[in-house]
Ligand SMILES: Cc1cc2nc3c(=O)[nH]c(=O)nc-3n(C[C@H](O)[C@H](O)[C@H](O)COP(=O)(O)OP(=O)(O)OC[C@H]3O[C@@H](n4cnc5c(N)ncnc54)[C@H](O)[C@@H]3O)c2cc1C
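There is one chain below, alone, in structure tokens, taken in the form predicted on its own.
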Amino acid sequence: MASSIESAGKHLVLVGGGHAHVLVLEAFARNPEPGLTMTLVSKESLTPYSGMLPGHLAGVYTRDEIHIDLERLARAAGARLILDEAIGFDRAARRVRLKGGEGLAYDILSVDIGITPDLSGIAGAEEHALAVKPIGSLLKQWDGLVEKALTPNGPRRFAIVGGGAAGICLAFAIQAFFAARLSGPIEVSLIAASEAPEINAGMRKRIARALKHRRIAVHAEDAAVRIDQDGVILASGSSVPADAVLVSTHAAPPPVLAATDWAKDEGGFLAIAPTLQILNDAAVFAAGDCATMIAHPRPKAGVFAVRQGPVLAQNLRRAVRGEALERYTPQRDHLLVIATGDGRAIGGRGRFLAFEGRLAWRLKDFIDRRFMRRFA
């Protein structure tokens, strides 16, 4: 009874429809909080699940299959959905300013607005490349690229800048998609400035073998410095011819955060404690790629946002009740599975575990589909 009284009249505002907030909505749909008013602010009514993006680009999943319906999920959670964008935060007044002109007062605020592409480190990238994140923007540009590529004189040479797991997944996906749809030869190149630390030695050997088998050219330990209409120029001075370039490397915090006086890390991302609260504002939580857990920094990857979701839901519930919060320590190692676009996948975890084959792909497909069924 005391908890219900504490929650009554409180307003919880969720800004952003990222993975963590999706899980918060699911938690409140399963177990509503009496007396709590909840509002979700999102630019779109559908949010993509990043784990299934490569599969979608490879042609395995439909557009609908990789999206979560925020409108339906918000309704199930008893939350109001506002299709708008936050353009300002007033910490002192505890208000969120929206692009449409509305102002939202909050008692507890949670921010999960992802990242914005930072192509400034590669000359010409903004004019001649597609940024992989945010995914919603990429999908619109991807449709245009596919339409062009399927014409007789469309793009046939594709380059992916970024040698991390995301870039490798994209290289396999793009090769699989166009090889199955274009009769003539295609060229796919992967440009990696350095080895990805999250990929262990056993996985690297398997990935290298699979890239060679799929005839994907790899330019290792050679950073992209310029992109133009002819392709990518590397730090070594060599060039990679390309008709289309996708960049999956640099990311920056959303510009709206720059004007706030919330604590940030050296990159401008929100600095959060193990409770997922912003370090200098106990009324505000943050999760996903827009935030950095200072005590336990981790890569900007969807898997960590998914893991934060249940903890965030629990701590938001405790915050509105006035209860003590949980402290969260993210695991260092996580299962990583990279689909190779041929019905197989390469997986691993930690420093030593590595495996590959059709069962690895079935495992990834099972995990991803099971996650999405939670919101159906």
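Small disclaimer: the values here were computed from a predicted structure and weren't measured. Throughout, we count residues from 1 along the sequence that is shown.
Quick note: we don't show the form predicted together with the named molecule, though the next part is all about it.
Participant: Which one, 319, 311, 41, 58, lies within 4.5 Å of the named molecule in the predicted bound form by heavy atoms?
Facilitator: Here the answer is residue option 41.
Participant: Evaluate residue 53 for contact with the named molecule in the predicted bound form, applying a 4.5 angstroms cut-off between non-hydrogen atoms, and reply yes or no.
Facilitator: Looking in the predicted bound form, residue contacts with the named molecule include residue 53, since a heavy atom lies within 4.5 Å.
Participant: Residue 303: heavy atom within 4.5 Å of the named molecule in the predicted bound form?
Facilitator: Residue 303 belongs to the contact set for the named molecule.
Participant: With a cut-off of 4.5 Å between heavy atoms, is residue 163 one of the residues that contacts the named molecule in the predicted bound form?
Facilitator: Close contact is absent here: in the predicted bound form, residue 163 is far from the named molecule, nothing within 4.5 Å, heavy atoms only.
Participant: At 4.5 Å between heavy atoms, is residue 273 in contact with the named molecule in the predicted bound form?
Facilitator: No, no contact at 4.5 Å.
Participant: In the predicted bound form, which of 154-162, 177-185, 286-294, 264-272 comes within 4.5 Å of the named molecule (heavy atoms)?
Facilitator: Going through the listed ranges, the match is 286-294.
Participant: With the partner left out here, if you bring back the named molecule in the predicted bound form, are 20, 84 and 132 all within 4.5 Å of it by some heavy atom?
Facilitator: Yes, the whole candidate spot contacts the named molecule.
Participant: Only counting heavy atoms and a 4.5 Å limit, does any residue of 355-373 reach the named molecule in the predicted bound form, and if so which ones?
Facilitator: Heavy-atom contacts within 4.5 Å come from 364 alone.
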